[in-house]
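The chain below stands alone and is given in structure tokens; this is the form predicted alone.
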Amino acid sequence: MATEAFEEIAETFDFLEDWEERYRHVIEMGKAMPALDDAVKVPATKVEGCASQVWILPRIEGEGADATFDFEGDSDAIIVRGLIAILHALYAGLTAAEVLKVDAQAELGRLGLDEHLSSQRSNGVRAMIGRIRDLAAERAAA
């Protein structure tokens, strides 16, 4: 299960010839993403387990499993901002229940990210996915 926005990213990645071009595309996605206000960069929104500073601010509408999931995110590392943009494309607009059904590792594997990210970055992506899943699970259970 993937959103239309994520499918567009996957198609773009298929079109790009090599990892260097894909890497630049991820960076451009990060640059295009709006920054979070410093006032919301607090411990409650910080994602632990990332080498870089990462914040995820949930924007969930509704209650329970049918709540519409969305979030804003930011990082002090531009490549990580791009990875946040990819995760946003993967999850935004799904219901909380649908978020929990997404096989994020498989979807991100379609982009070849797992082969080209350092182990620290891969751990950070897993931490962000874990945080997103936790937020969705909390709302789904409400």
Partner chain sequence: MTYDIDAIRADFPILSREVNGKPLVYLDNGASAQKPQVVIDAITQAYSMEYANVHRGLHHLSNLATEKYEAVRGTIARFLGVKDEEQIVFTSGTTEGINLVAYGWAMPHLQAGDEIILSVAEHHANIVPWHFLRERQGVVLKWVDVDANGDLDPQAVIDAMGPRTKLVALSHMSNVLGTVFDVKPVIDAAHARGIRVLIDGSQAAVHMPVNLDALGADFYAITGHKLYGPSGSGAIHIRREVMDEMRPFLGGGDMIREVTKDTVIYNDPPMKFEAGTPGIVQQIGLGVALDYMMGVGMENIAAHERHLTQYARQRLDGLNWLQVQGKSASKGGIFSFTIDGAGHPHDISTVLDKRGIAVRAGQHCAGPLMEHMGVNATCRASFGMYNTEAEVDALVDALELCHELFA
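Numbering follows the first chain given and starts at 1. All of these numbers come straight from a predicted model, not from anything done at the bench.
Note that the form predicted together with the partner chain isn't included here; everything after this is about it.
Answer yes or no: in the model of the complex, does the partner chain come within 4.5 Å of a heavy atom in every one of Arg24, Ala51 and Val80?
The answer is yes; Arg24, Ala51 and Val80 each reach the partner chain.
Under a 4.5 Å heavy atom criterion, is Glu20 part of the interface with the partner chain in the model of the complex?
Answer yes; at least one heavy atom of Glu20 falls within 4.5 Å of the partner chain in the model of the complex.
With the partner left out here, check for me: in the model of the complex, does some heavy atom of Glu61 sit within 4.5 Å of the partner chain?
Glu61: no, not in contact with the partner chain in the model of the complex.
Answer with yes or no whether Asp76 is in contact with the partner chain in the model of the complex, where contact means some heavy atom within 4.5 Å.
Because a heavy atom of Asp76 falls inside 4.5 Å of the partner chain in the model of the complex, the answer is yes.
Using a 4.5 Å heavy atom cut-off, state whether Lys46 contacts the partner chain in the model of the complex.
Answer no; every heavy atom of Lys46 is more than 4.5 Å from the partner chain in the model of the complex.
Considering the partner chain in the model of the complex, find the one stretch among 62-70, 103-111, 90-98, 25-33 with heavy atoms no farther than 4.5 Å from it.
Result for this chain: 25-33.
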